[in-house]
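First comes one chain, alone, set out as structure tokens in the form predicted on its own.
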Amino acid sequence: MQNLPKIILVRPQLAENIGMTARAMLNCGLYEMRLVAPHQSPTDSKALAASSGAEKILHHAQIFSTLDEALKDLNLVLATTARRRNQVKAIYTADKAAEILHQKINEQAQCGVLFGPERTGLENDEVSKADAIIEIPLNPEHCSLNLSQAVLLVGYEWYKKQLNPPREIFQTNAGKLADKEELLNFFEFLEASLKQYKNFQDAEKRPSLQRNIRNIFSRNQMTKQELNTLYGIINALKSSKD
């Protein structure tokens, strides 16, 4: 089995939250759920329904009676908490934690992330068994997260490290971007079409207007089809005026 971070839920209270956590895990390519003294079974009908297709995680979830049993085979454990615990530990954001997890797993370490009960979160003694803390910066006026939301935020940062997706994509829907020559030709055509415009006839205002027009179209990465559409619009407007 592929070495992945283990998601460890400590004393989860509601079957629905266990199910929604499984859904969040599957969204992020995480498959190993460990439950410590859960109040309800991961295969409860409410958990299965809430998982929205992630039942396989619930059916393979491991159940432990104590946290020590759930942690004993792990080399690195990170604990999520919304409250500072006055313990001497490194505190990572979720993206930094994902970086650490990625590095350690590449070194063949076994890693886990702890999440506490929905109502109270992890106890101090439980946090003390972790190597470091994950803290997700949120609005200080309301930083409460549902269990599955917390798992999704941490899991998403982990998943991004696996994909290394581009930070931005410009979609052209199979259209080809216009090259500079085509764009410059369009500028000449447009400016020639504006000769009758009063402000364009003003020698002082014309350079500024030309720059503004060119900037409008240059920064929008025009496609060849879009330029053809603009040619058609301008020609139609000129014909109607004539």
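Throughout, rigid core stands for the largest set of C-alpha atoms superposing within 1.5 Å between the two forms. Bear in mind the structure is a predicted one, so any value in this text is a computation, not a measurement. The numbering used is simple: start at 1 and walk along the sequence shown.
The protein also exists as the form predicted together with another copy of the chain; that form is not presented, and the subsequent description refers to it.
At a distance threshold of 4.5 angstroms between non-hydrogen atoms, residue 23 is in contact with another copy of the chain in the predicted bound form. Interface residue remark: residue 126 is not counted as part of the site for another copy of the chain in the predicted bound form, having no heavy atom within 4.5 Å. Although the partner is absent here, residue 142 sits close enough that one of its heavy atoms falls within 4.5 Å of another copy of the chain in the predicted bound form. Although the partner is absent here, residue 75 sits far enough away that none of its heavy atoms falls within 4.5 Å of another copy of the chain in the predicted bound form. Checking 63, 184, 49, 216 against another copy of the chain in the predicted bound form, a heavy atom within 4.5 Å turns up for just one residue: 216. Contacts to another copy of the chain in the predicted bound form (heavy atom within 4.5 Å) from stretch 120-159: 133, 136, 137, 138, 139, 140, 142, 143, 144, 145, 146, 148, 149, 152, 153, 156, 157, 159. Relative to the superposed rigid core, residue 210 undergoes a CA displacement of at least 2 Å between this form and the one not shown. Residue 234 is among the residues whose C-alpha shifts by 2 Å or more between this form and the one not shown once the rigid core is aligned. The Cα position of residue 31 differs by less than 2 Å between this form and the one not shown after fitting on the rigid core.
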